[in-house]
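The chain below stands alone and is given in structure tokens; this is the form predicted alone.
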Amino acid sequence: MDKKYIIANWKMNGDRHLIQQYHDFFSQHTLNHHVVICPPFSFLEQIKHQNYHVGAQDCHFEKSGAYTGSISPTILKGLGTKYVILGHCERRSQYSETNELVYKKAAAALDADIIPIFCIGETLQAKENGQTAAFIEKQLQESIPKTQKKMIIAYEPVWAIGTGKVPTPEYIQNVHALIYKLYPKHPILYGGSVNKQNCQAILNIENVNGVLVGGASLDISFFETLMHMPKNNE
């Protein structure tokens, strides 16, 4: 198995105990993957470690201003943040974020030299109506600036996030192939109920360059499992 991206999205979770668990584990182990930890904003400086990168879960599109409760890419950059998750379905559904807003945030992040992790994925309705391809293509075209700068795309079918439902390997492969045709130069990750039981199988699917992990990343044993995953040719 080639070196992959393992991105941990803590969402609105975490405490000093979890931070200590991460520090203890990664002080003793270096995974042969690109590991990115995305905790709540308040933990960004505390979670720093030499054996992984730190990412944020969102950002504003302005550098500064009267935006109570928001955080800018400029501030994130000053904290040593290298990545930022944008367009997660929970932001889209709970905060009514549109493709256009995600685009503005992405442009601001890129200007601040922060790597965006774009979340895209179809709703259950789109899937059942056979509109997955059209839904995803629209998100890609409207959310992602045309740029040569580094960025990551994370395919997260909305109907799989937090539900325990995971698409078949064939389904994931087909969607990733679609994305790859449009964005062949950027890593494409899968997210949506990824856990230590299914992670290896997902990582071995063609054109899957890594995983975006939610709840499973709150248990350090997820990373312990990654250490024992065999390569394809073993």
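Fair warning: this is a prediction, and the values are worked out from it, not measured in the lab. Residues carry their position along the shown sequence, with the first being 1.
Below: the form predicted in complex with a small molecule, not depicted.
Checklist entry - With the partner removed from view, which of 97-105, 122-130, 135-143, 154-162 is the stretch that lies within 4.5 Å of the small molecule in the model of the complex, judged by heavy atom distances? => result Single hit among the candidates: 154-162.
Next on the checklist: Check G214 for me: does it contact the small molecule in the model of the complex (non-hydrogen atoms, 4.5 angstroms)?
Outcome noted: Looking in the model of the complex, residue contacts with the small molecule include G214, since a heavy atom lies within 4.5 Å.
Checklist entry - Does G55 make contact with the small molecule in the model of the complex, using a 4.5 Å heavy atom cut-off? => result Because no heavy atom of G55 falls inside 4.5 Å of the small molecule in the model of the complex, the answer is no.
Next on the checklist: How about P39 - does it come within 4.5 Å of the small molecule in the model of the complex, if we only consider non-hydrogen atoms?
Outcome noted: Taking the distances in the model of the complex, the answer for P39 is no, it never comes within 4.5 Å of the small molecule.
Item to check | Touches the small molecule in the model of the complex: V194 (any heavy atom, 4.5 Å) | outcome: Yes, V194 is a contact residue.
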